[in-house]
Every structure is written in C-alpha cells, then in structure tokens.
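Okay, here we've got a single chain as structure tokens, the form predicted alone, with questions on binding and movement later.
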C-alpha cells in the first residue's frame, strides 16, 4: 500500500473515532482555543510541514489555533506564553526553543492551571515532565532517525565499493549538524556514525559544522567551503541532520560539478525530487503530519478534561514519560514514490 495513503487512512480513522469538537466545545461551553508556537518559522520542516498541518487539522476539528513565531528566542517564547495565559486559551501547544528551558514553560502553565502539550522538541531537564500532571509530549524517538539513516548508509556503502575513493577501507565523511543541544541533532549525529562502527567499518570525520537554524544556506556555505579546502577531494560521504541543510549541500556540489553520496532527514517533497534525480541517496521520514495531528488531538482532549489519548489511535509510552512517539521510516531510491503526496 502507498504509505502516504496509509497515513491518510489512519488519519480518517482517527477523525471518525475522535468526537468532533464544535466551536463551542471548550471550557465551560466557551470556544476551545489552542495557543501554539513554532520555535522558528525559518525552519523548513516546522514551518513548511507542521504549521500548516496544525492549522488544517485543528480547523477540521472545529477548534481555533493561534500559532506565533518564537524566532529562535526562548525569551520571546516565554513572553508569548504569558500572552496566551492572559488571553485564557484553553490549552497550550508549545514547540520549545531551548529543550533545557522546559521547566519555566511548564511552571507557567501549572500556575495558570492550563493543560500543556509540548511537541517536537523534548525537554532535556530531569523531572520536567513530572512537575505537572497536565503536561504531555508529542514527538519522536530522537535516536531512531539517526539509526535508520545510519543503516541506509551502511547498506549502500557495502553495495558500492567505488564510494571508497582512496580504497583505504575508511569512510571519510563530513557532517552538517542541526542545532547544538537539540535532542534530534545530537542523536542523529551520534547514531548515524555509530551505525558504521557497529558494522565494523572504520570512519574518519573530516569536518562537522552545526547550525541552530538547520538552514539550506548553511548547508550550501559549508559544503562549498569544504569542497575547496585541503581535504575537499577526500570527502566520500555527506551526512546531513535534516533535508534543509542537505538541499544546500546539493546546490554546492552541483555548482562545483561534484557528485557524492548524500543523506538527509525529514523526507520533504523537495528531497523526494532530489532522490528521483539521483542527487540524494536517501532520507528518513520525519512524520510531521502525524506529529501535528497527535498534538491537536491531545490538546483537545486535555482542554476538555478527558484522558489525552481517548478516542484516538495514539498511545502513550509505557515508561511514564507521558509521551506519544511517531515512528520514523526510511526513504530510498527504491521506495520514495510511496511517499509522494
């Protein structure tokens, strides 16, 4: 079955199973309003996938969602949460700027007695989630994306001996990393390379650069600089923490007339096109659509005082983390058509 169709079927089932929420279905008969943010509208994935789906899905459920841009500033997000509380929104859906600052947001929600759904960026502070009984998390298993990306790269490396340009049996790689300290960036960086080590393949890191904005421009600038550096001709593999930076790297490679194995994460539509054109070897579906839907479903139930997964297909982790985790999926030249919208 086409996996996109499969996801749509799942969404239809959930839409049927979750009672529709009318515009008057909020607290004490008032309008149900979700106060939400995106950590930065400059992020390809968050603004291009999650924001529109949050808006579309909430509208389909008959609730109002207000989404603001935190512009990559935790202080700005703190102020935005204060504004939402002053407006007396029914529930908060917050995409943290700094995963290490979750307790401050949770404390604000707790003091105001407003349920809180954190999404996409998981708190890194010990005990943060346990500090409030009305806070939950929607996201992924951060390590899973790096593991899947690494497994794809290992399989392809073994299948393509010519990729080892200097025939030394060592993978000479460069890595475009996302936001330092972000759970996804740290896990993807670690696990993607660890897959080679676990497979008994030696690796050599030629360069690694991080970008808090995960941007295409960063990918372009760093890849262009690496190609003209002293180690430029030694690069055998390009690892990218997300598709946005991968797009920039592809632009730089094309401008230099160089072709190298390259992998990303997110499975954005543009990435599927690059795979089809042979400019990208693989990516990992970061299912922002279902992350958005789970966030809205949990927010609605929380606002109405129901168990957050009631009437949905979502499941909370059994380890007490109060988290719904959406699985990642590998996207390769063999199956990318299944992920076309």
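Note that the coordinates shown come from a computational prediction; the quantities given were computed from them, not determined experimentally. Numbering follows the first chain given and starts at 1.
What follows is about the form predicted in complex with a small molecule, which we do not show.
Stretch 45-53 is the answer when you ask which of 45-53, 63-71, 308-316, 292-300 has residues with heavy atoms within 4.5 Å of the small molecule in the model of the complex.
In the model of the complex, no heavy atom of residue 222 sits within 4.5 Å of the small molecule. In the model of the complex, at least one heavy atom of residue 286 sits within 4.5 Å of a heavy atom of the small molecule. Contact check for residue 39: a heavy atom falls within 4.5 Å of the small molecule in the model of the complex. Within 4.5 Å of any heavy atom of the small molecule in the model of the complex lies no heavy atom of residue 192.
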